[in-house]
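Just the one chain here, the form predicted alone, laid out as structure tokens.
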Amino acid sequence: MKTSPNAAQPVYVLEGVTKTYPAARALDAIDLTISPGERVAVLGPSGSGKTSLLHVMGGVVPPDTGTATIEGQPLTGLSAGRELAGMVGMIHQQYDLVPHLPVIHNVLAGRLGRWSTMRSLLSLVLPQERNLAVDALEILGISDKINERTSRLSGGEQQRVAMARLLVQAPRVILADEPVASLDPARAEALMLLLNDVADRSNNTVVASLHSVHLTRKYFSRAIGLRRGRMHFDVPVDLLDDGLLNDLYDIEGLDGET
């Protein structure tokens, strides 16, 4: 479901954000505002800065220059544990599951940012807040797998475990870094449906990097194009036309840029 932003305080405000690595400048003077409940797809060629943008927004890396805030608070001032975990949940291509652990432990990993170290260790022996994991897995239709070793699950079931982890984490923002890049079209569609359902339950803001224009138009309300770390466009998906996309993915132009 595509949702429209409301007039509340922005979730994210990025002003003049740059990020440079030894090989290249990943982000170059990015200005970006995202409102609560928005579904934003970030498009661009490989190496355009999509992952770097999500890492800045997730508090994984600080910007070199400029400012990045979430709900009015500087991201650099938030602790990586409890504070950020209550605000931001991230999902990657490989779902970041621990294969040798039972499903319940992977799901409850979404609570680690809210627990003390002692409670986290205790949960490995006696799972804490088990009811949250049960409820999340029931919502996603795999509650019968709760004690199964995660490595024995199918790819689709592992997707659902990752989504259940997001449900128990209960972040206000979901950041997804190319979550469907390694999936065939049917599995990619299934994952986007799951992500959309999870986000709808709490009216999460979603920002996802993608290469699929089809999925962007179907599941997102806004599209941002990055090229060489710069903002190439920022439009409602209804205005995402072939001209914008051809310019964004112009390989010859990329090869010729300095």
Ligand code: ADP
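Numbers for residues come from their place in the sequence shown, where the first is 1. As the structure is a computational prediction, the values presented were derived from the model and not from experiment.
Omitted from view is the form predicted in complex with ligand ADP, to which the following refers.
Just one of 36, 58, 66, 47 comes within 4.5 Å of ligand ADP in the predicted bound form, counting any heavy atom, and that one is 47.
Distance criterion of 4.5 Å from any heavy atom to ligand ADP in the predicted bound form singles out 26 from the list 30, 26, 224, 198. Taking the partner from the other structure, ligand ADP in the predicted bound form has no heavy atom within 4.5 Å of any heavy atom of residue 212.
For the chain shown alone, residue 216 is not a contact residue for ligand ADP in the predicted bound form, no non-hydrogen atom being within 4.5 angstroms. Of the heavy atoms in residue 52, some are within 4.5 Å of ligand ADP in the predicted bound form. Stretch 39 to 47 is the contacting one of 216 to 224, 39 to 47, 200 to 208, 185 to 193, since its residues have non-hydrogen atoms within 4.5 Å of ligand ADP in the predicted bound form.
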